[in-house]
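Listed next as C-alpha cells is one chain, alone, in the form predicted on its own.
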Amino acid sequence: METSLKDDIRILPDPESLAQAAATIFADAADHAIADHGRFSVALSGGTTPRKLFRILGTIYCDTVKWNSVQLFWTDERSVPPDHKESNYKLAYDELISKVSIPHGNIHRILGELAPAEAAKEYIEAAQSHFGTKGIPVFDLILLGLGQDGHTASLFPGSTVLQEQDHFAVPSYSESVGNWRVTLTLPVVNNAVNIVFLVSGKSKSGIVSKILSEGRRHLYPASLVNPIKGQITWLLDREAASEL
C-alpha cells in the first residue's frame, strides 16, 4: 500500500463506529487547539457520513466541547439558499448547530444564495477577517468526503480549480450534476493541521483502493490532498475498505 507517511488509515466496523471515531477526533482536536491558541477553526463537509458525525456531536458532545470557542467553516457549498435540502449548511444546522451553544458570530457559512463568484468573494473576506491574514489560513481541522470519481470538497477531476494557488475559495462547476458550488482550494486544504477523510459504503471501495493502494500516481483530486505539515486520517468503514 503506497500511502504517505502522513496517512493514518483506520478501518471501522460500520458507519456508526466511523462517525463515533470522527467525533472523538473532532473533540480532541478542539481541546488541543483551544488550549494552544484559544479557538478551534474547523471546516465541515456535507453528505451522509458527516450527518451521523454531526448528530453525535450535537448530542453526546453538546456539553463537553467548548462550543463558544469553535469557529465553523465549510469545505464547499452548492449554489442554493441555506434552507435548501441540498445545502451543506442546512445539514450542519439541523444536526449540530441548532443543538449546541455556539455563538452566531462563530458560524462562517458560504452564502450559497449569492452568485458563485460573489459567494466566493464574501467567503474569502470572512476568512481573512477571522484568520487575520490575506495569505493561506491554517485550519485546525478539515473534514472531507470522497466521491466515486475521486473528487473531494467540490474539487472535481479535470477541473482548472485543481491548479488554483492564489485564492482561498473559488467557484466550481460539477459536470456530473450540472450545478455551481464554491469550494476551498487545495493550498488551503493542504495547509491544515489535521485532515480527516470520512468514507463509508461499498460504492466507495473501488476509488478508496485506487487512491490508497496506487498512491499519488493517479491524479484524482483526493490524491492531491497532501498536507505540508499536518496529517491525514482516513476513517473507513469495513465496506469502503473492502478492496484494500
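Just so it is clear, the model here is predicted, and its values are computed rather than measured. Throughout, we count residues from 1 along the sequence that is shown.
Beyond what is shown, the protein has a form predicted together with 6-phosphogluconic acid (6PG); the following relates to that form.
No residue of the trio 109, 170 and 185 has any heavy atom within 4.5 Å of 6-phosphogluconic acid (6PG) in the predicted complex. Looking at residue 58, you'd find every heavy atom of it more than 4.5 angstroms from 6-phosphogluconic acid (6PG) in the predicted complex. Though the partner is left out of this view, residue 41 does not reach within 4.5 Å of 6-phosphogluconic acid (6PG) in the predicted complex, counting heavy atoms only.
Although the partner is absent here, residue 204 lies within 4.5 Å of 6-phosphogluconic acid (6PG) in the predicted complex, judged by heavy atoms. Heavy atoms of residue 145 reach within 4.5 Å of 6-phosphogluconic acid (6PG) in the predicted complex, making it an interface residue. Heavy atoms within 4.5 Å of 6-phosphogluconic acid (6PG) in the predicted complex map, among the stretches 41 to 49, 186 to 194, 60 to 68, 22 to 30, onto 41 to 49 alone. The partner is absent here; in the predicted complex, the one residue of 78, 121, 99, 90 having a heavy atom within 4.5 Å of 6-phosphogluconic acid (6PG) is 78. Of all the residues from 100 to 118, none has a non-hydrogen atom no more than 4.5 Å from 6-phosphogluconic acid (6PG) in the predicted complex.
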